[in-house]
Ligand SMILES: Cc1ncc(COP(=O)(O)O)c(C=O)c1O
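One chain follows as structure tokens, the form predicted on its own.
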Amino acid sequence: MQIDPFALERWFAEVEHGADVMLAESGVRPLQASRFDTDPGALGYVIPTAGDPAFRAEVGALHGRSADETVFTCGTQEANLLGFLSLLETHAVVVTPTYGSLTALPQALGVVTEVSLRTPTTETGSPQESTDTPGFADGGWALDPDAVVEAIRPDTDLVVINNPNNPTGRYHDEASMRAIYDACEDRDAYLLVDEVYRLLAEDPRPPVTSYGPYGVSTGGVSKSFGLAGLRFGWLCGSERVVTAAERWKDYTTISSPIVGQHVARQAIDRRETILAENRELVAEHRAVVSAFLDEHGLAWSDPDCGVNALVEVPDAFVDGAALCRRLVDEESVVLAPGEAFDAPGWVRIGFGLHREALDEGLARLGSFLDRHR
């Protein structure tokens, strides 16, 4: 099996440690550990390794699933990996732009058809094959369920969607998602949806796994809760899917971290308070960024959920990578190049960080843009 380098993570590994402001953060600012009891007792494995049954029942219930239909993982990243390993044999349809692993991992396991949020399908084939992804025009970013359904082939095992979407911050509507689910069910294909930002919505839509046996939801506490350091996530689906995921998990991490489970349970129990705080922060910061971009005459993907958005690259720069490189060199501020999402005319901004850091990052970005008009 071959896999492409994770462009976004390689960029962050290169520049994040030495930069002053991380303006591409993809989650809500981290909560302080002092808000929780961080002592789980003995530092052994979580037993059973799928996760505490009572806690799995609690998380499962939030998705219309039982404890036996829920498995805990090391973050949403592992949940997605286990889903792909369990379900993908031949062909997957992936809605793009999206988080890099949601295309790269399926491409390492089979053939992928990408469906843009604004364009018809594009075949990508194996990781070695190279295809040109059309550039993204300003505006739109809407999910076209008909285009997704048309991309499903007789040998399609899986359709993959990130909802709410990263990097655009767009929250796909329930009618479109249900139409895609119905098509998957009719064709004996699964619909796996990374829902890691779902709980940041003021009125979260039903998780896809609640639609029926062919729905698989993955998520975790990293993004919406501001608890990325716990490395705690989950996969919810039918018992068949969860059993297959557990078999693969025996060869990956065996169990999620016991400290992560211990603190995550407290966070889930206090979710109304924590999520209300985080939603308020995100709404305020989104307004700040929107006003900043209006002032500088830049379009963006107009996010309606989550903490990410794509911002157009000004004419002074050939592409997102060039802008990001110069911004780090001149202002010690990190944005994410759109090339990491096959969107070279854009950069990703994150606005879930602490307000002081957001204000500082935008001030430096503003000075940078003024110099390069």
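So that there is no doubt, residue numbering starts at 1 and follows the sequence shown. Keep in mind the model is a prediction, meaning the values are calculated, not measured.
Heads up, the form predicted in complex with the ligand isn't pictured, but that's what we're talking about next.
Checked against the ligand in the model of the complex, the residues 190, 99, 84, 171 give one hit for a heavy atom within 4.5 Å, which is 99. Screening 301, 166, 256, 209 for any heavy atom within 4.5 Å of the ligand in the model of the complex leaves a single hit, 166.
At the 4.5 Å threshold, heavy atoms of residue 217 stay clear of the ligand in the model of the complex, well away from it. Within this chain, residue 75 lines the site of the ligand in the model of the complex, having a heavy atom no more than 4.5 Å away. Although the partner is absent here, residue 249 sits far enough away that none of its heavy atoms falls within 4.5 Å of the ligand in the model of the complex. Shown alone here, residue 197 lies within 4.5 Å of the ligand in the model of the complex, counting heavy atoms only. Considering the ligand in the model of the complex, the lone stretch of 146 to 154, 258 to 266, 288 to 296, 76 to 84 in range is 76 to 84 [heavy atom distance within 4.5 Å]. Residues of 205 to 240 placing a heavy atom within 4.5 Å of the ligand in the model of the complex, in sequence order: 222, 223, 231.
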